[in-house]
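Below sits a lone chain in structure tokens, taken as the form predicted alone.
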């Protein structure tokens, strides 16, 4: 029996080894390199003159206005985009959960944005936001409103990015919530209907509380992903106008790729990682998502 267990353990380890090596190579190794570089003044312009400067990069970050502006833009974009996506996603998921005619077709339509390549969708929206030829300004003129420079105006640039991100990723929230709704028991809903509760009361008092673990999971995943959004912002505004839509990811890209200051860019990346871990841990603990649920407790 002991020999069988050893052989079984050896087999499992061997099967997991390729994936483990790949995971370490793609995540742990780059993280260690970035961490080491963040304590140096390493630049691709002078790779042979690198000096260990300890916390100087982080101190410079904390005292630079551009960093705090980028952090504020990142937080605002993440909070507004994710909240909008959760609200729309939960509401549509509740409607699509109803057993009505052609509901499967509608589910497919709403999930289509997930199947489209993000960069292709972003370039399409770039054409739609065009001040002269874009479809958005066409509808604005048709309704009697003045055309807008959607991606160049300080008042609409960030809003436009949120719209694109919401269109792209609301189906992700929708998919998780649909799975959650399918797993909920029918008895509480049937009892509420017998008691004369309205559809809105059932949705707010029964559906939302029971669906909350799934909403929390979707909220966490989307917040982490939105916090590091790069492609949408880079293609549509490149951080403009000025630096009003420059997030931390674009800030790191600017210093690492454009200015070739890899040490400074590495410190920005480490700060983003720390913020993500801290916020995720707080969210998980506050919502008791770290504690295993004893489903069969008597």
Partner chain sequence: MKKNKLSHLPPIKKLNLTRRHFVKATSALVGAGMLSSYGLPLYAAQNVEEMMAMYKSANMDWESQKGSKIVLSGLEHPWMQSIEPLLPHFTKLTGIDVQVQKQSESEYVAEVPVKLGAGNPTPDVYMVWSYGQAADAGWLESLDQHFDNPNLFDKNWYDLNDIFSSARSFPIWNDGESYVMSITAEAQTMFANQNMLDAIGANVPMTFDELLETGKKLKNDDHAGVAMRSKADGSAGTWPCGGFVFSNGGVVMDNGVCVLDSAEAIEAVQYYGQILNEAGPLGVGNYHWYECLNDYMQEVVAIGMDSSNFATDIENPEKSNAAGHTTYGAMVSGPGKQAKPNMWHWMAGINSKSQNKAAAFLFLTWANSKPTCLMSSALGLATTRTSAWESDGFKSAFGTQAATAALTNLQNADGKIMKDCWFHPQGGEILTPWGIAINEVVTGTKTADKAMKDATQKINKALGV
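It should be emphasised that the depicted structure is a prediction, and the values quoted were computed from it without experimental measurement. Residue numbers count along the first chain shown, from 1.
Below, we refer to the form predicted together with the partner chain, which is not included among the displayed structures.
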Original post:
Among 266-274, 50-58, 248-256, 33-41, which stretch has residues whose heavy atoms lie within 4.5 Å of the partner chain in the model of the complex?
Top reply: 248-256
**OP:** Identify, from the list 185, 154, 179, 209, the residue with a heavy atom within 4.5 Å of the partner chain in the model of the complex.
**Re:** 154
Original post:
Pick from 149, 106, 84, 75: which residue has any heavy atom within 4.5 angstroms of the partner chain in the model of the complex?
Top reply: 149
Original post:
Can you check whether residue 228 is within 4.5 Å of the partner chain in the model of the complex, heavy atom basis?
Top reply: no
Original post:
Applying a 4.5 Å heavy atom distance criterion, does residue 26 contact the partner chain in the model of the complex?
Top reply: no
Subject >> residue 137 within 4.5 Å of the partner chain in the model of the complex, heavy atoms >> reply: yes
Original post:
Taking 4.5 angstroms as the cut-off for heavy atoms, does residue 133 touch the partner chain in the model of the complex?
Top reply: yes
Subject >> Residues 45, 238 and 244 all lining the partner chain in the model of the complex, heavy atom within 4.5 Å >> reply: yes
